[in-house]
Structures are given as structure tokens and as C-alpha cells.
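First comes one chain, alone, set out as C-alpha cells in the form predicted alone.
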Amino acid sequence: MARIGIDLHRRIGSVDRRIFGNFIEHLGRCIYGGIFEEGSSLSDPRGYRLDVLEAVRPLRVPVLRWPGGNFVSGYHWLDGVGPVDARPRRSELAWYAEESNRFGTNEFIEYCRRIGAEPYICVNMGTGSMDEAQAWVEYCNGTGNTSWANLRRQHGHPEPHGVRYWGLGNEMYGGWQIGSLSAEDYVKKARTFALVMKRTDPTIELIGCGHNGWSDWDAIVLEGLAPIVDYHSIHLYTGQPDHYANVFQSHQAERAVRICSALIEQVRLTQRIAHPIHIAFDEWNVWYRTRSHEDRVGGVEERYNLSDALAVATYLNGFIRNCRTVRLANFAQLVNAIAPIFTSATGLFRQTIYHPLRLYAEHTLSTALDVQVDGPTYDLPADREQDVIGRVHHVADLGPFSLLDASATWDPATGQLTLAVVNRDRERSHLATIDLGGATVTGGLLVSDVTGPDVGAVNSFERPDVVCVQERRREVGGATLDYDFPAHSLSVLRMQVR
């Protein structure tokens, strides 16, 4: 029998709810035909899809990143403001498409307000200029009698938008990025952008463009930008057709965080930087099926199975375990493009990955606890990790892996405790004793299980609930309790303790 040990006195730190952020990009049908579809019977008069809004709100998105992504390096924000019918239609070179510009800055801000999210804007450091970035900050946040603030007012927004988070470019290290740069040249350019943006609004928080957390790019950029940034970003996509490689690759995110955290600590020490620098894990997901050129042109509409949902839950457990450093994260993306919500002209369904995203956002509490798991393990042979996504994500050396992966969060004010356990075993359930370290359960156990017939199970328009959430209540009490975690499942257990 496995054992899961929880001690209310072993506290890792405070969980920042911004780790449940999301991301929308002008990619395929993420925006047009996703969150925004003018003329549809499912949309309101402004063009926002009401059924999508209803599906997004339970995800409780705290921060929404936009407009990219690769798209931003060729995007000029002035194309997307002012009278909609007067906006220019442009060639879109990042994703081999055309951009109507009918969804721009003010439409994005309105969408954030509708879902209760703070806006996070990434500026164009590819074809864009520092003057353009400065003007964007002033347009959004300016309060004075200046041309850019007045232009916003002319566009029907007398009050400033108050955009707090600004990203200094997207993946500028990559040859696929329009205007890509060496790390040294990026630092020089980013410092000029940051100067004018912060002088325009000193209250904004800047996110430096990181890579995977462990590269030379990360070290050079942190060394150069640490005095002026509040966050250093990490982007990571994992995924494999083999179930065990798929779910265990999510631990690569924790390796990235550990290495990047050490780089941050080193540069803060050597440069005597007083302000904190946190990690913004602002693109992450399982993505390996739709990475060809044809798939990218087609909008990277990945179809997710139960194995992918368990990998997503493992990512989230890792962010909770590393809550001292990871203070902001953005799942990529929200609708249709590698997304939890999939639409058609007549409706939508929730992909398998929707369920862990909703459950963690809904039930994660304020304080992360150090969970000890003793149970069956699995060794991942190195040859099972074929590099199908074009990037090396070998994690076999991190093993052996516990088949049960767990995180626990607690609210000291109310005594509520949430335990999230991913059983990555493809075939077997695992009975575990949950030891609360002297605390006792009062009032029973509320359980939400995400599972399906097998790890390859997918949802669809025809069968939207093959993988779903099964909720039940169980009467338990005392300082220990036994729970049988189903094979290939995520279980979120909520209880009152004292």
C-alpha cells in the first residue's frame, strides 16, 4: 500500500493564483471562430462567443496573455484600434495567414474584463520599435493630456486600461521568430524598450524573454536584464505518444524552474539586486501531434486524450511545489489552438485537458504543503523518449518516477485542505493511506475524479464526456484515511481538517 504524508507545519509557501493564467494568440481559430465570431448566432452584438465565455469562466483565468506568441513579432498595434471597418487587413507572416485586425487592443481588454482576468500584453520586438512600444503603454495606461491617451479616449475609453504586465518580446532566440536576435543583441534592445516603457508608466511590471530556463540564452539575458525586469519567462512544450514518457515529461518543467531559479539567485547576489525576480512560465502545454508546417498553417488544432490531461495535472502539481519562484504562468492556449475548448460554428466541447485546468483553478488553496509520497515507481527507459517534437526533452535521468504524483494546499484561516493526486499508472489503481500528521478530518471527503476508459480516450462533439469529472462524497474521519486512486486518473480530494 502507498502512503501519502501531509504535515500542516511543513509549508512550502504561498500559492499565487496567477499560475492559472492563459494565453490567446492570433493563431488559427483561437480568436476568430474561437472567442470572437462576428455574425454568429452564438455571439453577442460585439462578436464575443457567449458559449465560449460560459466555458471559459469556470477556468477562473487570473491573467490573460496576448497577442502572441510568434504573431506579435510582426504585429503593429495601431492596426487594431479605432473604427473596426477602417482597420487594415494585413498579411500575417508568423502563421502564414491574413489578419483582419477586427480584434485588437480594446477588444482584448474588454474580453479580460468579461472573464475577470488581468491583461498581459507582449510587445513587438521583431518588426516593432521602442517608440511603438512606448506609445502602446501610453495608449493603454496614460492619464495625461497626451496624444496617445487622448486617442484611447477618442476610441471610446475615457478611463485608462491599467495594463500591469508587459512582455519584452516573444521567443526572440528562435530562428522561426520574425526579427530574432542573439542574446546579447536582445539585451541591448530590450533595455531601450524597458526604459521608455517604465518612464511612461513606472507601475508596470516587465517580463524578460527567457528560453527553456537552462540555456545560455537564459543566463545572458538574466545577467543583462535583471536590474530592470520583474519576471523571467520560460516556454516549454512536452509530449510523446508513449503514455509514460508523456506524463513524466511534465517534470521537465520542474527541472527548468530549479535551474532558472539558481540563475536568478546568482545574478541577484552578484549584482546586489534588491527587488525579487520571479519566473513567468508564460507558455506551457502538451503539444507534439500538430507541429508540422501544414499543421501550423491549419491552426495547430491538437486533439487531447486522457494521458495528456494527466500530463497537464502533473505540470500544475509542479507549479504548486515551486510556488516560491513560479508566480505567473500562462497555459497555451485557450480555444481551438492546442486548447482545452474546441468549437464549431454550432457549438463546442471541452477537451480532456479542460478538467484538470478547471479543478485546480477552483480548488487550489492559499498555502502549499510539502507532500511525501511513498509508493510504486516506474523507470522510463531512455529509448522510449524519441524526440518527436523537435526539441530534446529527455527526462529518464530524473527517474525513477512515482506513479502517484501529489500536491496539497491548505487554507489556515478556514482549515480547508485540498489534495490533488495523479495516478499515472496506465493499468492499475493504487490504494494509499493518507496520513495527516496529527491533524484530523471533520465533515467527510469531497472527491472529484477525472478518468476515462483508457489513457487514449478523447472527447468529441459526438461524445463530449468520454473523459469527465465524477464527483461524490465520502464519510471519513480521523488522522488517517485510505483512498483507492483509480488507474489513469486525477483525483482532487477536499476536506476540512483541524
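We number the residues from 1 along the sequence you see. Because the structure is predicted, anything quoted here is derived from the model rather than measured.
Absent from the display: the form predicted together with ligand AHR. The rest refers to it.
Asker: Out of 184-192, 372-380, 325-333, 273-281, where are the residues with a heavy atom within 4.5 Å of ligand AHR in the model of the complex?
Answerer: Flagged stretch: 325-333.
Asker: Only one of 170, 423, 233, 238 gets a heavy atom within 4.5 Å of ligand AHR in the model of the complex. Which one?
Answerer: Contact check passes for 170.
Asker: Counting non-hydrogen atoms within 4.5 angstroms of ligand AHR in the model of the complex, say which of 27, 450, 35, 61 makes the cut.
Answerer: By the 4.5 Å criterion, the partner-contacting residue is 27.
Asker: My question is simply whether residue 96 lines the interface with ligand AHR in the model of the complex - judged by any non-hydrogen atom within 4.5 Å.
Answerer: No, no contact at 4.5 Å.
Asker: Answer yes if any heavy atom of residue 485 is within 4.5 Å of a heavy atom of ligand AHR in the model of the complex; otherwise answer no.
Answerer: Contact with ligand AHR, no.
Asker: At 4.5 Å between heavy atoms, is residue 23 in contact with ligand AHR in the model of the complex?
Answerer: Contact check for residue 23: yes, within 4.5 Å of ligand AHR in the model of the complex.
Asker: Any chance residue 287 has a heavy atom within 4.5 Å of ligand AHR in the model of the complex?
Answerer: Answer yes; at least one heavy atom of residue 287 falls within 4.5 Å of ligand AHR in the model of the complex.
Asker: For the heavy atom contacts within 4.5 Å of ligand AHR in the model of the complex, list the residues of 65-88 involved, in sequence order.
Answerer: The stretch 65-88, when checked against ligand AHR in the model of the complex, contributes 69, 70 at the 4.5 Å heavy-atom cut-off.
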